[in-house]
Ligand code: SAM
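Shown next as structure tokens: one chain only, the form predicted alone.
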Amino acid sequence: MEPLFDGHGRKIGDLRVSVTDRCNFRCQYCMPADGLPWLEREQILSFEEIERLVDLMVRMGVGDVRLTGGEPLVRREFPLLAAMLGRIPGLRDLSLTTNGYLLERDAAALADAGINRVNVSIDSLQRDRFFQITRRDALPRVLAGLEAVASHPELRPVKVNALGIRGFTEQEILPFAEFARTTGFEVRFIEFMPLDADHEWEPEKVLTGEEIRLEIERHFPLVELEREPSATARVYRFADGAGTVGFVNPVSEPFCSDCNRIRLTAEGKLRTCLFSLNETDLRDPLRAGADDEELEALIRGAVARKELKHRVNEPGFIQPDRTMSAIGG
């Protein structure tokens, strides 16, 4: 098939697939303490439906697929889905973003299924502060999951994602820097984005990647690595060679100009930006018997309308109704 380009000339090669909106954490920056209304089982795409849509988009030039949620590992038989997708011809990279709670249980099955890379979200390395932000006393279990992944060399690199929230993350910067230097995991600090369920995000609450980097450099000199095209992170290695850290700065340094990503929600909506206000339904046409040509036309039409930029820093920005857990990271 012809490559997939948006209306601004950007070639689309990265697909984020949410396999569920459900999560076993209640992170303060994502959802209320009592959770959100979950989708009914019949509303979410089946494994076969996900496989068909991913296969179609791979034939349209998508080479990288990241599986997300919610928390993807709460989806029953998730490693089976990973194995189904891993067999798709032309798929170069199959990765996973998880909170790590079930990672110790599933690490071996994920490696066997063909997962290439794993990102684990951890916002604090202190047990009490981890509980404060996630509302779950689960840090030891998450760290055990990281160790389980580390025992599978085919799952590389392993990245640890920490959110940058002013008033919280400042105390975490140096412990995470030491963690990156001593474990071999790449720690990535991600700026707090307006995707919270309570709509309490404010620009002042964003601890920028630049502020975090400067704090690390006060203690450990860093050397910037060349940014790969369409990469979300600016990656630095410690000057003495002891590991790497990355900074994902969508608020202070938007990387929209070469964005190559699209997203498929758990119930089959195609989103062309995290902050899209419009979606394209693929599930209902799929279930109504649409053939590949019809689905391809829907996908190409949606991608042609992909936003030029997210406009978070501009007057009149509207936060989408969906939270990150309902979109897929």
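Note that residue numbering follows the sequence shown and begins at 1. None of these values were measured; they are calculated from a predicted model.
Beyond what is shown, the protein has a form predicted in complex with ligand SAM; the following relates to that form.
Checked against ligand SAM in the model of the complex, the candidates 244, 99, 249, 124 yield a single residue with a heavy atom inside 4.5 Å, and that residue is 99. Between ligand SAM and the residues 78, 185, 192, 176, the one pair within 4.5 Å by heavy atoms in the model of the complex involves 192. Taking the partner from the other structure, ligand SAM in the model of the complex has no heavy atom within 4.5 Å of any heavy atom of residue 169. Although the partner is absent here, residue 85 lies well away from ligand SAM in the model of the complex, with no heavy atom inside 4.5 Å. Remark: residue 68 counts among the residues lining ligand SAM in the model of the complex, judged by a heavy atom distance of 4.5 Å or less.
Though the partner is left out of this view, residue 163 does reach within 4.5 Å of ligand SAM in the model of the complex, counting heavy atoms only. Contact with ligand SAM in the model of the complex, defined as any heavy atom within 4.5 Å, is confined among 195-203, 85-93, 253-261, 221-229 to 195-203.
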